[in-house]
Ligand code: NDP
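Below, in structure tokens: the form predicted on its own, a single chain.
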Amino acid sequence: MSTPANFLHELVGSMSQGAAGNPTVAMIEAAFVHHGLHWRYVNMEVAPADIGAAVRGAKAMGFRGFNCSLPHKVTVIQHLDGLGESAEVMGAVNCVVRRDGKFVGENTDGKGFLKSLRTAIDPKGKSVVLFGAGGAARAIAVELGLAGTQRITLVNRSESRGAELVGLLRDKLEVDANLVVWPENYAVPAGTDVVINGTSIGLYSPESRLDLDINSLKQGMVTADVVFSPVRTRFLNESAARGCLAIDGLGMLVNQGIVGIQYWTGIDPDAAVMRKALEAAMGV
């Protein structure tokens, strides 16, 4: 067993507003147990006004790092010592890592998605259609750009928000990106390799559908969803019926946890153990 002094140096956490019932805790702690690490991953509810004090406290107590969720992903940056590449490009942090005594902000949202996507296809040189321009879609778009994706077509309801993300991709990453203001029954262009739902459409709502012409999806395309509950969304079921290779949102969630553990501990955790624990915690 760790001594109390060492225990503080083997602690990571999750800072959120409304932290109860986070299935990520079960997933990450299952990995710690499986790999024989005397670590704990602890949920802490932090009010927006207290995020600076929480970061200073975590550093003082020797935390190896922590995750942070909305509404802290942007405001936490001013309290950190530096940023990783993708976090700096997108201007948002969800994972903080202690490096040489400093707290460095990373973003595992897009990295987790990319690891999941790469089980089916390497996005380098590919053409991607991405629905949404919110936090998850932004993180995914940046990681796709860093991975060498040839073309990103962003489909979004809000022209201003979509244009801002397209501008970031073009200016900072030199990606061939364009915006489509989401029309009714959007048809995926011929030659598309990957279609991604980066919105919350379908979350906890199995019958909800993307405003998408399903007939425009072709056999061999890869489809992916950030929605994790239900695990198989209507979008994934319908695209699979069209012969697409469909990737669920649980893979993204598991791989976010994997990247975080790699940052904090330096080990490569067992993905199967983590997914099993996550599914059990979610009751799926």
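A residue's number is simply how far along the shown sequence it sits, counting from 1. All values reported here derive from a predicted model rather than from experimental measurement.
Just so you know, the form predicted in complex with the ligand exists too; it's not on screen, but the next bit is about it.
Participant: The ligand isn't shown here, but in the predicted complex, which of 184-192, 197-205, 82-90, 171-179 has heavy atoms within 4.5 Å of it?
Facilitator: It is the stretch 197-205.
Participant: Verify the contact flag for Thr149: yes if a non-hydrogen atom of it lies within 4.5 Å of a non-hydrogen atom of the ligand in the predicted complex, no if not.
Facilitator: Outside the cut-off, so no.
Participant: Is Ala136 near the ligand? Define near as a heavy atom within 4.5 Å, in the predicted complex.
Facilitator: Yes, Ala136 is a contact residue.
Participant: Could you tell me if Arg161 has a non-hydrogen atom within 4.5 Å of the ligand in the predicted complex?
Facilitator: Close contact exists here: in the predicted complex, Arg161 approaches the ligand to within 4.5 Å, heavy atoms only.
Participant: Given that the partner is absent here, does Ile28 sit within 4.5 Å of the ligand in the predicted complex, heavy atoms only?
Facilitator: Flag for Ile28 set to no.
Participant: What is the one choice in Val55, Cys244, Ala224, Met252 with a heavy atom within 4.5 Å of the ligand in the predicted complex?
Facilitator: Of Val55, Cys244, Ala224, Met252, the residue with a heavy atom within 4.5 Å of the ligand in the predicted complex is Met252.
Participant: Have a look at Pro123, Gly132, Gly145, Gly105 for me and say which one sits with a heavy atom within 4.5 Å of the ligand in the predicted complex.
Facilitator: By the 4.5 Å heavy-atom cutoff, the listed residue in contact is Gly132.
Participant: Scan 87-126 and note down the residues that get a heavy atom within 4.5 Å of the ligand in the predicted complex; none is a fine answer too.
Facilitator: The stretch touches the partner through Asp109 alone.
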